[in-house]
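Only one chain is included here, represented as structure tokens and corresponding to the form predicted on its own.
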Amino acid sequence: MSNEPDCWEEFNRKVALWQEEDDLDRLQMADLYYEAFEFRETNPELKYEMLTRGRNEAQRLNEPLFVLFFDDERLSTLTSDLHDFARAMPLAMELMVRFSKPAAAVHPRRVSVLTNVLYTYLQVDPIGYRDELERGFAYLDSQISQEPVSNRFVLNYRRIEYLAETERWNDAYELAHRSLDLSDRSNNRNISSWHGAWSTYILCRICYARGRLDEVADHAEDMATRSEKRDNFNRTLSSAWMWRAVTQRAWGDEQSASRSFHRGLRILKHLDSRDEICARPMAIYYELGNDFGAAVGVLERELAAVAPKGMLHRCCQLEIERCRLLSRAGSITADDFDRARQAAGKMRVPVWYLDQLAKIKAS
């Protein structure tokens, strides 16, 4: 077990001190974090703006720890909430430089920042940056406790995403279950709910890719239970209903599938990430009903949402999946293949994507 600093200990100590001193300027600065968090799902752009205000206030008040705290939260918002890696990459590189200095080696936010930097590279090109990502994950794994602490869950989740994006499904499955078990061993209800819900979120995708529909249904049920009646859980709750719809349609229960699907849609309507968060199960749901036009429409809406955000890997995946669906529908054209090849050409290792495209063309 490592002895990484608690990223909240110094934050809470400072806030307690300012309360004793009745330092309203600094307390209002700290409050900006809590106020911003409330907009995580509905208006993350506003959340980012409020965190930027907090960072600026920390600079004005000469609070360097809080400058880095807010910058870390800004990077996390760009990656985890806005999924805007075009904006995240410059900030990630800047923070890497700042946290590589000896004075920052024991900063309580160092591990969080480095994890978000890895996540940025993962979402841009996980195949092209494979060596860098492997080294980064191995290093951070040695720096974080194996106990149920926040940094451990976040690192595990990013690594699971990396394994899934590189289609190492068995490894992703095993790590996701270990992380889920760890969340359930926590005595902290918030940890069990939050990190457990996100573990089941990615397990639905992994289990579907492995052909384990029964497990998809079980994880969707678990995700719904953890997400219901909790604030800031609407992304996982909408996903739970969508995966329920997938399993119900796959098993021939069209009435239940339709109810689940439309319930998920109602939750999605209020989310900023509505064109991204449930795109996979929605496209699968339409494909299972042989509505290839609707499935392609889901992919195209997601593509329009992620293309400006620097998510080159996801864009390439979507172009390839679009070709697969159009091929199944018998309506694919040479231009569709050209689109996918152009997307692959932007990657550092295009052959990984072109091989998938070649299989579709040969089918």
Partner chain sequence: MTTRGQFKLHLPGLLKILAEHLYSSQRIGVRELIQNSHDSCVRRAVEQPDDSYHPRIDIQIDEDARILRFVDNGSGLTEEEIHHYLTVIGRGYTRELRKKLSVEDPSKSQQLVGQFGIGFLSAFLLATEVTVETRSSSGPALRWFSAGDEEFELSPGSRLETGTTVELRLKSSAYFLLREQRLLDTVREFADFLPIEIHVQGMEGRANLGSPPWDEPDEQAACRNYVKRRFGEADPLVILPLTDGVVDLGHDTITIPLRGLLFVPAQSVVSVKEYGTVAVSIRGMAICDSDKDLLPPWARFVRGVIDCPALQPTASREAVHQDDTFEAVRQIIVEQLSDGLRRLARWNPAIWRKIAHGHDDVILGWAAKDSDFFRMVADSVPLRSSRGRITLPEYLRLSGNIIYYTTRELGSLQEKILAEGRDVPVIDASWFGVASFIRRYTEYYSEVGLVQLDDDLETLMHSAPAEDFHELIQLCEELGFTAVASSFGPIDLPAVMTYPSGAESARDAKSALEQGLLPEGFSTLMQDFLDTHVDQSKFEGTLYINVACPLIQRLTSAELPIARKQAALSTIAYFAKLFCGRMLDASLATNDLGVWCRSLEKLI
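The shown structure was predicted, so the numbers you read here are calculated from the model rather than taken from an experiment. Residue numbers count along the first chain shown, from 1.
As for the form predicted together with the partner chain, it is not shown, yet the points below apply to it.
Student: Does residue 348 make contact with the partner chain in the predicted bound form, using a 4.5 Å heavy atom cut-off?
Tutor: Judged by the heavy-atom cut-off of 4.5 Å, residue 348 is in contact with the partner chain in the predicted bound form.
Student: At the 4.5 Å heavy atom threshold, is residue 97 in contact with the partner chain in the predicted bound form?
Tutor: Close contact exists here: in the predicted bound form, residue 97 approaches the partner chain to within 4.5 Å, heavy atoms only.
Student: Mark residue 66 yes when one of its heavy atoms lies within 4.5 Å of a heavy atom of the partner chain in the predicted bound form, and no otherwise.
Tutor: No, residue 66 stays farther than 4.5 Å from the partner chain in the predicted bound form.
Student: Heavy atoms within 4.5 Å of the partner chain in the predicted bound form: does residue 337 have any?
Tutor: No.
Student: Can you tell me which of 191-199, 125-133, 174-182, 239-247 lies within 4.5 Å of the partner chain in the predicted bound form, counting heavy atoms only?
Tutor: Heavy-atom contact with the partner occurs in 125-133.
Student: Even though the partner chain is not shown here, does it sit in the predicted bound form so that 208, 219 and 263 each have a heavy atom within 4.5 Å?
Tutor: No.
Student: Within 4.5 Å, heavy atoms only, which of 277, 224, 267, 140 is in contact with the partner chain in the predicted bound form?
Tutor: If I apply the 4.5 Å criterion carefully, the residue I get is 140.
Student: Quick one: of 311, 318, 326, 32, which gets a non-hydrogen atom within 4.5 angstroms of the partner chain in the predicted bound form?
Tutor: It is 32 that has a heavy atom within 4.5 Å of the partner.
Student: Pick out the residues of 82-118 whose heavy atoms come within 4.5 Å of the partner chain in the predicted bound form.
Tutor: 89, 90, 93, 94, 96, 97, 100, 101, 110, 114, 117, 118 sit within 4.5 Å of the partner.
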